[in-house]
Structures are given as structure tokens and as C-alpha cells.
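We begin with a single chain expressed as C-alpha cells, specifically the form predicted alone.
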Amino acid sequence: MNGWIFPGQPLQYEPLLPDDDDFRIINLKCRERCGYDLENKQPLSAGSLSQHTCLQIYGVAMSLYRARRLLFKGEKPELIAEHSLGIYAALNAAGCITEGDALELAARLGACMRVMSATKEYALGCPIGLSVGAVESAARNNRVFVANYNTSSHFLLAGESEGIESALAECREAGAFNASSFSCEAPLHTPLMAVIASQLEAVVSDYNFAEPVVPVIEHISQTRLKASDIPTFLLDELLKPVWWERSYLTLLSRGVKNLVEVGSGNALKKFNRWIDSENSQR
């Protein structure tokens, strides 16, 4: 069985972009629906989109582009899974929304998230090499949250910057072999997003979703999404953590043999290899 997995926001832009008709079509949709020039990696109007939102749009756009190229080659998914903001391109691949709507959703939700950084400084923290209990304890002790459970020893924390730094210091003391931080506009996948929940919900309510023609496994409870589930999930997934290890193991349990990462970079492939290695040592 073939599975397509859609990654979330990339950490950086790829140095070289494609030069073909599919890329130009996606770039045109970015310009028309988001006010973002994919080719030049910048908004059409100065200051209209934040750097974080631009990177989010770019991530969705590259997933849409790579899905187009796979379909052109005759490859089709039999099961779809997604990580974080990969949900928008995943819904397009499943036939639930158009490419333009997927891009526009990312841009509009990104604009909502931008507001959070006006009053507080937020950051992400990535501790590697600790047990889940140790990481969750460090998060609780410093009033931040585990946003991504990527493997049994690779996590992403989100919260206010000061709390992230102190949580990472605690993780280092507990034996983490790596613990790095990054600035962000909003603490995605945490309860802190509740302060803008009404704005996020208002954006999602503007879109209609068709029934998936390919099953989509969502990253919270690893169940199949129905059209009626999608609006609630799009809000919930911004307030609740991503459970990637569970999603990957669910794909394997359902008979997926060939996994294709449809997006920029290979973060999910790395997580999958890590999970395979950890499970082989148990």
C-alpha cells in the first residue's frame, strides 16, 4: 500500500526552486490567493505577511507542487497522513479542498497567529535524547507545553521564550544530548492558542470541505477524517499536540509499505527511521 505523508512548516527555504509549468501554476495561486510570490520567496506588498507566515505558505505550496508531480508520474496515495500544518496540502490531496483554498487557509490562519507575537515573545524548544516523562516534567515545571511528540526521544516544546529556555536548561541537566530553541510567532499545538480560538474558528468557517476520496489519518487520535470532522480538527490541531510516532505506527499497522514524503525536506523520513531504530532496540 502506498502512503503519502505531508510535513509541517519547514525550517528554511530550499536553495533551488523548480522551473516547470506545475511550479508556475502553484506560484500563480500563491500570488492570487495569498499575496505571496513563491519564486522570489516574498510577499507582493511589503509588510503584508510576516516571515513566519511566508514560510508556512511556502511549505504548503511545495507540498502541493510535489503532489502534482507525483500524480503526473502516475503515482497515487492509498492512505494519507499529515504532521502539523501539513494538513492543508493533505486535505487537497484527499480531494477535500482546492489548492487555492489550501494556500489561502495557511495564509489567513498565519495572519491570526501573527497577532499573538504583538504582546508576548514565544519560542520553540527541541530537546532530544530524553524520555517522554522527563520532557513533560520539564515543560510543566516551566509553564510550557510539549507541542510535537515526534519519536520517543525527539520532542518540540512551545511557549513563552523565557519558559522555553528554562525548560531546555532542565532538559540538559537531565541528560538531553541536544536542546535548541527557535523564535516563533505563536505557540502552535498548545492550549495557549485558545486566546485566538474565535478568530481561527471564524477563518475555518469560511470554507467547505468535501468527503475525502483517499483516507486521511489525523495526527491527534489517528482516526480517519470525515468531511464533518474537518472544521473542528483544523481548530483542535492548533491547540493540541502532534503525535507523529503514533501516526507513523498507525500507517504501518494498516499495511502501508511505501511511504512518500510530499513536501519540502525530509524531516518525517528522519523521524520514521528514528522510530524504527528505537523500536528495534526495545
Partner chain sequence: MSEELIFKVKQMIIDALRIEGMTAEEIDSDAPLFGEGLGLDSIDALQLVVAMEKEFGVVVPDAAVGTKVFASVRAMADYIAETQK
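Residue numbers count along the first chain shown, from 1. Computed from a prediction, not measured in an experiment: that's the story for all the values here.
Only in words, not in the display: the form predicted together with the partner chain, which the text now covers.
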Any chance I128, H154 and S277 all have a heavy atom within 4.5 Å of the partner chain in the predicted bound form? yes
Does any part of T98 reach within 4.5 Å of the partner chain in the predicted bound form? Heavy atoms only, please. no
Mark R273 yes when one of its heavy atoms lies within 4.5 Å of a heavy atom of the partner chain in the predicted bound form, and no otherwise. yes
Hey, in the predicted bound form, does F72 get a heavy atom within 4.5 angstroms of the partner chain? no
Although the partner isn't part of this model, could you tell me whether N178 comes within 4.5 Å of the partner chain in the predicted bound form, counting any heavy atom of the residue? yes
73 to 81, 146 to 154, 90 to 98, 197 to 205: which one contacts the partner chain in the predicted bound form at 4.5 Å, heavy atom to heavy atom? 146 to 154
